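As a starting point, one isolated chain is supplied in structure tokens, in the form predicted alone.
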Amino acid sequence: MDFTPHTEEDLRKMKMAIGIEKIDELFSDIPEEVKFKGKLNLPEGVSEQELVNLLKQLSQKNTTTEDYINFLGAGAYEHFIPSVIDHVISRSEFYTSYTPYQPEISQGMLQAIFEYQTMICELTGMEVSNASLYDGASALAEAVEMACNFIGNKKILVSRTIHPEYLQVVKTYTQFRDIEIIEVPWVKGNTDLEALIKNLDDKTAAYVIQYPNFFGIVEDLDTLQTRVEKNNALFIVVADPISLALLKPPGDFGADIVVGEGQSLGNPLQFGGPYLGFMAAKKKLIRKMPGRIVGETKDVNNVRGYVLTLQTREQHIRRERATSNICSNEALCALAAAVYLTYMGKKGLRAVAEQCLLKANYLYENICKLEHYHKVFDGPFFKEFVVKTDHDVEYLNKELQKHRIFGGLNLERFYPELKNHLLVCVTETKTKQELDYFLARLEGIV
């Protein structure tokens, strides 16, 4: 809709309606000493055409994955998004809908969220799912607090192979709640299971592992399941939803809570957000889950319908019984994820995962044949892998950008011990020609 400014007559009528003479009277409660004095340093007004041209010029300063070949992942992934997704989520009844408190007028959104929850449970191998959270990092932080509330302990073991920014968010959430975060080291790219088991005791509320982990390696949850002695601690897994089309779901390894970032399910990179976090758990934990859960029911006419079954936040129940004050779910992003999963289906999602796996392995094997690049870890990986280079990684990435390529992540940023190590991501969007072009450019850098 085009912007139409208020006319002087509009302003006169509005002031008359609310009984004021000057606009300044609307701000009479603000103390004079804090009001801005003087004139704002703003340019003179321009025409609509001039403004549109200016905004276009500013937007062209950004370089996106539509302009460059992208090999950067690390938690935000470039996957193909079918056009049907934008078509559905752009419908007014979805795009403008708010929290579906009134089920009689919100059946469409409620059903979509219910279907989303169902598919998340199928992917993760869990029994219940909430309606989504803000992102993967906050979903993990909520899972940690959920475990502490359920078990009654305040010690959490977190593998250092989880996304470092997720760990930062967990620490932010827990720092004033006397929750102790123990970082479990890694060995050869995998969680050090001996260190994890050594620190696991009757004071532990939960232990956290990422699958595949931040280095892209598929953690050995099978061995972990057999090695961990029976205890009350909950097992929390941070999972990549695309990988679960191929990998054994965390629920089959005895996971109690599975969380992760759902951006890769039909949501674009969009400069870092909004994204959505997913959370699924065993049924015994349902009353400790944050956010909301949509359930299926029947109305007075025995017709199937959908309602908000659980809303465990402060605004809805007694404060002391609230599980979290997280206020909402990312409904539109969750809708996009539901449409993506429905459209792709089991076979389509598996095909995407297979493309990621095969193309990542092709690129990895060929990079390691180049003179200045070396293998680092031996474990199986999904769509991301680590290579060591004789080059400075920042210099390497700047050189790659000259050839319209976004290189991998400089791991030294998060792991000082991994100087000159590069985390490279390959998804189904990459063609063989692009992979070979990337290899040629890597080889040409001196």
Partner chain sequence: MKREKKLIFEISKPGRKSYSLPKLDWIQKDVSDLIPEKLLREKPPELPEVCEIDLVRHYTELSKRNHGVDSGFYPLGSCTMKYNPKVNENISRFKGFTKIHPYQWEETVQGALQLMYEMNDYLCEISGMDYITLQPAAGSHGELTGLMVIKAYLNHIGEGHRYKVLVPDSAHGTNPASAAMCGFEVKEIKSNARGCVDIDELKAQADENTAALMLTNPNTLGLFEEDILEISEIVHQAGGLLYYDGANANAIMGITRPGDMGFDVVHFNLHKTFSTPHGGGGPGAGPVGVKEKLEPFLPVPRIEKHSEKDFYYLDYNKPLSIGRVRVFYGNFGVITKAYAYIRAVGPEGLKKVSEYAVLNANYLMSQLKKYYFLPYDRCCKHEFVVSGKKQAKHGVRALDIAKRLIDYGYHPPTIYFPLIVQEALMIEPTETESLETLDEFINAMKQIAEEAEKTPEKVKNAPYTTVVGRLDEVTVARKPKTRWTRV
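We call the rigid core whatever largest set of C-alpha positions still superposes within 1.5 Å between the two forms. Residue numbers count along the first chain shown, from 1. Just so it is clear, the structure is predicted and the values come from calculations on it, not from any experiment.
The following text describes the form predicted together with the partner chain, which does not appear among the structures shown.
J.: If you check in the model of the complex, is Leu435 within 4.5 Å of the partner chain, heavy atoms only?
T.: Contact check for Leu435: yes, within 4.5 Å of the partner chain in the model of the complex.
J.: Although the partner chain is absent from this view, report whether Val187 comes within 4.5 Å of it in the model of the complex, heavy atoms only.
T.: Judged by the heavy-atom cut-off of 4.5 Å, Val187 is well away from the partner chain in the model of the complex.
J.: Arg404 near the partner chain in the model of the complex, any heavy atom under 4.5 Å?
T.: No.
J.: Since only the chain is shown here, I'm wondering whether Leu411 would be in contact with the partner chain in the model of the complex (any heavy atom pair within 4.5 Å).
T.: Although the partner chain is absent here, Leu411 would stay clear of it in the model of the complex, with no heavy atoms inside 4.5 Å.
J.: Taking the partner chain in the model of the complex as the reference, which of Phe253, Phe235, Phe150, Phe215 has a non-hydrogen atom within 4.5 Å?
T.: Of the listed residues, the single hit is Phe253.
J.: Note which of Leu341, Ile367, Leu200, Leu285 lies within 4.5 Å of the partner chain in the model of the complex, where distance is taken over heavy atoms; exactly one does.
T.: Here the answer is residue option Leu341.
J.: Judged by heavy atom distances of 4.5 Å or less, which residues of 114 to 138 approach the partner chain in the model of the complex?
T.: Those in contact are Phe114, Glu115, Gln117, Thr118, Met119, Cys121, Glu122, Leu123, Met126, Glu127, Val128, Tyr134, Asp135, Ala137, Ser138.
J.: C-alpha of Gly45: shift of 2 angstroms or more between the shown form and the other one, rigid core aligned?
T.: The answer is yes; the displacement is at least 2 Å.
J.: So that I can tell if Arg12 moves, could you say whether its C-alpha shifts by at least 2 Å between the shown form and the other one after the core superposition?
T.: Where the cores coincide, Arg12 still shows a C-alpha shift between the shown form and the other one that is 2 Å or more.
J.: Can a Cα shift of no less than 2 Å be assigned to Lys56 between the shown form and the other one, given superposition on the rigid core?
T.: Shift at Lys56: 2 Å or more after core fit.
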